[in-house]
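Next come structure tokens for two forms of one protein chain, structure 1 first, structure 2 second.
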Structure 1
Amino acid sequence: MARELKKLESLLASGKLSRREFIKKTTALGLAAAVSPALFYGTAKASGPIKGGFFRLGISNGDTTDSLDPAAITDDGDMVINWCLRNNLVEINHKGEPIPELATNWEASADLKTWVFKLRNGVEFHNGKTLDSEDVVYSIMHHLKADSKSAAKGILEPIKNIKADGKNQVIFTLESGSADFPYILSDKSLNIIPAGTTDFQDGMGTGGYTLVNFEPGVKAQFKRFPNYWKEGRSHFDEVEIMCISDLSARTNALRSGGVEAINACDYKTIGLFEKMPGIQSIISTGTRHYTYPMLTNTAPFDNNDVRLALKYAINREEILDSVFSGYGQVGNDHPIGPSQLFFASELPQRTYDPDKARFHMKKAGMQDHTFQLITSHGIGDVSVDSALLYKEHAKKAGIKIEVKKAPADGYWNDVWMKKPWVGCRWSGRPTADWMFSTAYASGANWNDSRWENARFNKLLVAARAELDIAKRREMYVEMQQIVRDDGGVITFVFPSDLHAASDKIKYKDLAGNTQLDGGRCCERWWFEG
């Protein structure tokens, strides 16, 4: 019951459920009395964010190899630290929409190939320099250099040319039209730095905090930047981000008052936090998902009946309930999350059906085959646990699955995309186009099922340049259906991101696009007065 309530609460918090619907559902379940009053009033009643305080955040990601070079941002630890110091041209709000950040507005030509971004006036870097178009061009080009190691290099490939047009305007020319281009500029790597920067360790940027001290893999300390341009943001006087990779150490730090918030809590124990006085859980669901991709160019997975049989043989609901303690939503064998703009809610949810699984497997003539599924604790224990449950589900459909565990070291290079059937985890992408282009388009670098579908590829290109939103939606729905029914990826769950914090922490409109309030908790959250 409590789990049901949590689910409803997270739906409400992410705006997928109206308050009226929420009250109706909780009343129907007899849960109305158990609803946390904070959900409705706690943040709304407060007279708005209050400035002050020393916020300490314990994060799971953080290595001695971290750097303040935007081209070296690879994980969510780097992301949170960089968004204290710097801004992007575009920000993603809690509804998953692109909103102006350092750009005030943008316009595209009719063919969606030329994009003009107008910059905000009078934005100041921490050293007093005023932001102009040269900085923006430099910051983007930083990732496109010939010897670039940036993870963003791939997503910037469609850009043919960037040029400054006067002090306050930047023009991007793309290879082909793309309606979703502004989303790209919200990527965690694409922070704006002053033109000519070659040493990034001073953390120079336009962000809400200035750097006091940065010791990679240990901690980063910040002070509020008094001249921050963004109104109603960056509330804490001081921020300290501590790298605490051990889950128990993170938990203890929060319980003993050593930090005010932590991320990456355990699905099995987050419930205990909710019972502890003085501590709240903060839960969001976004685009992250767990998958079991099969190489569709390799037998036996080149046979769609085998793929369908394996898709029908997994009990997603049970995995969500027992491995993820119910925190999250089941997947429908395509990578678009329920919170996303073009999510195909009209597509029927694929459910566990041993009979259909048996039928398809028989049709493929593979009843006696033993399928080897390789996964690793490196992806997360949940991937291994889910695989073990899956094995039992499949057994009821007469399908034999052998689960093999590979070491975390080298998993992404030696197993993923190399072995025929493996476990994988995706952080997801803010748009359907971005996600499909990254991992499902023909020839994409990370097409981890080596899947090729002519109709899908045609739709993908067409939808990119389609201006009519209803028509675009139609195309994306069809693409989701094709991936679901023909693709080589079993997408079984979109898990929630679990955080816990002192109940003095307040926030409004929690974003779910990535963990930690879209990676921007340090500037979005505040202390209760």
Structure 2
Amino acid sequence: MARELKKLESLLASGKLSRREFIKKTTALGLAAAVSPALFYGTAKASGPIKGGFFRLGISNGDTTDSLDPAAITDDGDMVINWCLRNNLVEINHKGEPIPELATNWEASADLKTWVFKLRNGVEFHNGKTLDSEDVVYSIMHHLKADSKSAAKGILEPIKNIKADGKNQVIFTLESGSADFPYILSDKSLNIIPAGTTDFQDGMGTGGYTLVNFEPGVKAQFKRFPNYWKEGRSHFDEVEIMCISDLSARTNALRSGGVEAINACDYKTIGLFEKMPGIQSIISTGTRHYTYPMLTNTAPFDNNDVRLALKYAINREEILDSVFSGYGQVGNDHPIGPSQLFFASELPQRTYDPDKARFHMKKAGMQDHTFQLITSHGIGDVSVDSALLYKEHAKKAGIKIEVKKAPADGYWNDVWMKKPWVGCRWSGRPTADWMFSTAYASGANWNDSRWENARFNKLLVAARAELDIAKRREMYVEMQQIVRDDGGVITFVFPSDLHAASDKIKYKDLAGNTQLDGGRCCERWWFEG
């Protein structure tokens, strides 16, 4: 494998292989994690940041129901906006590792049930208040309230107790051991807010920017916080984040100079940006994936033969090649990506098989049923095209799918987890435990298939506290197999994240744990001097 990677890198350097072809080949061979980021990300890396300028970002996600309440974060647009304003105890770096942010360090007991986090001294909120341990306790407990609908509630439920130990130390006691607990505290929802906060719309936090204006689903405006505690970050004088859901409008905004960067570029035309003067493409790979969740507590999706039939009826390779232009890797009906530590590479890849699809649908007695699949451009610009192609695949297996397009506005509140079968896009999570706890554990707020499996739930708890890496991997491999074969989610592709920006935008050590440099582009990027 090392020899093959070296050969591909040589072909790229000589110009005999395009960057698109390089990404496709390394991803297909499972080599992407070993590739130097510079080979993926273009030429925007620079030696050091420069302060100043007005940065405008066009993002694909935005909804009139958006809120600055950390417990209400649902998509990547909310994430980027909140990380302008706030920080977490823990941050994920460009290597996918948890590093201290508002915490300076942490220690765990031998059984991994007790975690002690020490806080930074002198960190200031935008209103002048000094951060202390009570703020941290309040911020975490905000997601654990009885009536909380926070996406983070499920991953925090293992917390048995949380208490302040003086002004600058917080102690977490867990129901069972968790080797990944620091990762959890980097979640996009777990921003630290002042204790007692009930009105979140002023965006109060310790982040690099203060809020100037927020219009949900339209735009958010910020200015640099002069007393920001983090050195070498938040370089722009002003930031404006605009919700531009239409791909053409977003692309034209960049080409005309209306914005300096955009996300969710067209997979078919991303290569053209490299040929445009003044514009660069920025490509990263990580944990993001597209899915079709089915409510397994609702007929006919309570029948696993129906679920298996629909899983065999989709041609993942054709969707990857036709809709995503080969940027990414096919999914195997579980949410752990090829770049992640415990990815089950030994599991056979589920492939398009109309005969097996027909067999399972006949076994379920649902050959004449028409399945309604609801999707929306609000999921991503490729979502409708993927669904329409899937419809044609299923037709060859005698399965009838009606694709219904829902409005982008309100999709996540009115359709997702409410209608029996829908489209979805996940940003993914850094660890297997985190992803499974968020969307597959029994009772998790974002278990969008309402799936229950006793063996899976037992393994989830056991793997979390297992220190033997080999034994832990065995558990996660079995869990991926259970989800693949019994779960209510079709996970069909792990696409690359495609961004484009003015060539005046510079960055260093781009993160791939989620799009837009781990969601922190406004803090990490700067303008060329």
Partner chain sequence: MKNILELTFKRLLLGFGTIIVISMLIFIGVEALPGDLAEAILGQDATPETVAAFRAELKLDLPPHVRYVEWLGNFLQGDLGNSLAGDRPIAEMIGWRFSNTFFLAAVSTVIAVPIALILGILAALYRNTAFDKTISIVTLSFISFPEFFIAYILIALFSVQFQFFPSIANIDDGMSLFEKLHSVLLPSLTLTMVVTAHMMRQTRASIINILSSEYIEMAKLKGLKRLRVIVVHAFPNSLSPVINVVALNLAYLVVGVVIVEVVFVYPGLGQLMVDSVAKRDIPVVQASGLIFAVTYVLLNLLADLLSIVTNPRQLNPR
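Sequence positions of structure 1, starting at 1, serve as the residue numbers. Superpose the two forms; the largest set of C-alphas matching within 1.5 Å is the rigid core. Computed from a prediction, not measured in an experiment: that's the story for all the values here.
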Selected structure - criterion: the form predicted together with the partner chain: 1
Rigid-body rotation of the smaller part against the larger between structures 1 and 2, in degrees? 26
To one decimal place, what C-alpha displacement in Å is found for L389 between structures 1 and 2 with the rigid core superposed? 8.0
Rigid core superposed, I'd like the Cα shift of Y352 between structures 1 and 2 in Å. 10.0
Once both forms sit on the same core, give the Cα displacement of Y327 between structures 1 and 2 in angstrom. 2.3
